[in-house]
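In the block that follows, a single chain appears as structure tokens, in the form predicted on its own.
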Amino acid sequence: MPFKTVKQESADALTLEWMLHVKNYKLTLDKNRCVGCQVCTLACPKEAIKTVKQPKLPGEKAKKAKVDIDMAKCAFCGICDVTCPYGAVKVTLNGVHDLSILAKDSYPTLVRDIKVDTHLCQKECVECEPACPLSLITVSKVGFDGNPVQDVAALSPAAKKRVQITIDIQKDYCPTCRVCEFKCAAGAIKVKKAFEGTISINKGKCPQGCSDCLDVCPIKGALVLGDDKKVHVNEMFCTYCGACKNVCPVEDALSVKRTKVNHTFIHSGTWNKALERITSPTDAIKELKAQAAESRRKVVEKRFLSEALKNE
């Protein structure tokens, strides 16, 4: 047991610390990156994390749900760190971000599958940079002399062809909303969502004119207020994080279901239980069956390859 525990909160961060004789565990929640979603609360095996709906005053926009962590329950395992789609949580041991759950293969990492082909980018274009709703993209351009280019349009046609484009994406914080993919030239950026699922609005229960879910949604364009004054969903950009669900004022007016998590391959009871909570028992079983089928395929493939080599 730690001989000292510390919990501190400021406008920008929530920090928890375990201080032992030779080890110092620290968890930091970056409130600027946290969107008040459901993922960490569901993934936590100790139920140490909860979201609290914030009061809304007349005339004000809705505030994202506040995340709180129970110091008495938190084990500093790092599951919230690994699972957060926005990279808002960081757990360290003696100042080093080196999680034992990953080293021991007891938990997978989220796969943020983002591919960039700058050869397909137009030389003048910087659309993806302002399009990113979380400001995670930086576009830089250099000429044939290696110097930065500020105005591509001012270059000669020959010099323009030799401009090299670099697109830097902060993948650790990217929730894979795919907004950049649709703003860029076809094929320049390809994004596979880390979370797959469905989101739906019960128009009969959705309060007319209510925009609470739009106020907190971190991906602008995923939810819109239609001409009927009801909320409509653009699932192309939705990350299925559940921040909207946490602030919806009417029970069952909005539903979010995660059906699949794109992650590194692993056999782990810890992950299986977390997957059940993040998705559902049915969807977790589907993944386990798919993994079993893939393992059998590899065994058969290996056996046929072995037989073929023997016959050569």
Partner chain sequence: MSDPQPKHNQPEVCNCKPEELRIGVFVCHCGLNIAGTVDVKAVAEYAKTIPDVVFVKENRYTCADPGQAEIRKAIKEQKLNRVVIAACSPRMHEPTFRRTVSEAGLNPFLYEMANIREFASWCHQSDPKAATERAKDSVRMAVAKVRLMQPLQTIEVPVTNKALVIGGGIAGMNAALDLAEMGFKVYMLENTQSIGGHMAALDKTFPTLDCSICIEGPKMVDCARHPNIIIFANSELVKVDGYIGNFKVKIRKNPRYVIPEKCTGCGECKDACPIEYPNEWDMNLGTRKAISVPFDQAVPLIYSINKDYCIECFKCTEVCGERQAIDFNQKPEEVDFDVGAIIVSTGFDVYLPYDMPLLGYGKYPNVIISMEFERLILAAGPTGGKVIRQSDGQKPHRIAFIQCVGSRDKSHYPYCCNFGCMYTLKHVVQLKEKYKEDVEVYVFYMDIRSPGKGYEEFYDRARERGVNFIRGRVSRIDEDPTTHNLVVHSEDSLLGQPIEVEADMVVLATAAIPKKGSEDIARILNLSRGSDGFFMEAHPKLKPMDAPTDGVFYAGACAGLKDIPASVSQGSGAASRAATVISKPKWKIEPIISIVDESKCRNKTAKCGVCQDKCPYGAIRIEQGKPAQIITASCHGCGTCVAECPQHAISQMHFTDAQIMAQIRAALEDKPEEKILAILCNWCSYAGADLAGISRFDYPASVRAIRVMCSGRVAREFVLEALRLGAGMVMLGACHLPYDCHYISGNYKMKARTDALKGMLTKLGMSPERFRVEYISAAEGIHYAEVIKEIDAEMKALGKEKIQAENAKLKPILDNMLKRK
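Just so it is clear, the structure is predicted and the values come from calculations on it, not from any experiment. Numbering follows the first chain given and starts at 1.
There is also a form predicted in complex with the partner chain; it is not shown, and the following applies to it.
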### Task
Although the partner chain is absent from this view, report whether residue 13 comes within 4.5 Å of it in the model of the complex, heavy atoms only.
no
Subject >> the partner chain contact in the model of the complex: residue 128, any heavy atom under 4.5 Å >> reply: no
- Does residue 286 make contact with the partner chain in the model of the complex, using a 4.5 Å heavy atom cut-off? no
Exercise. Look up in the model of the complex whether residue 23 has a non-hydrogen atom within 4.5 angstroms of the partner chain, and give yes or no.
Key: yes
For the partner chain in the model of the complex, the stretch among 245-253, 34-42, 52-60, 264-272 with residues bearing a heavy atom within 4.5 Å is 264-272
Of 77, 89, 199, 223, the only residue with a heavy atom within 4.5 Å of the partner chain in the model of the complex is 77
Note: exactly one of 172, 113, 215, 105 sits with a heavy atom within 4.5 Å of the partner chain in the model of the complex, namely 105
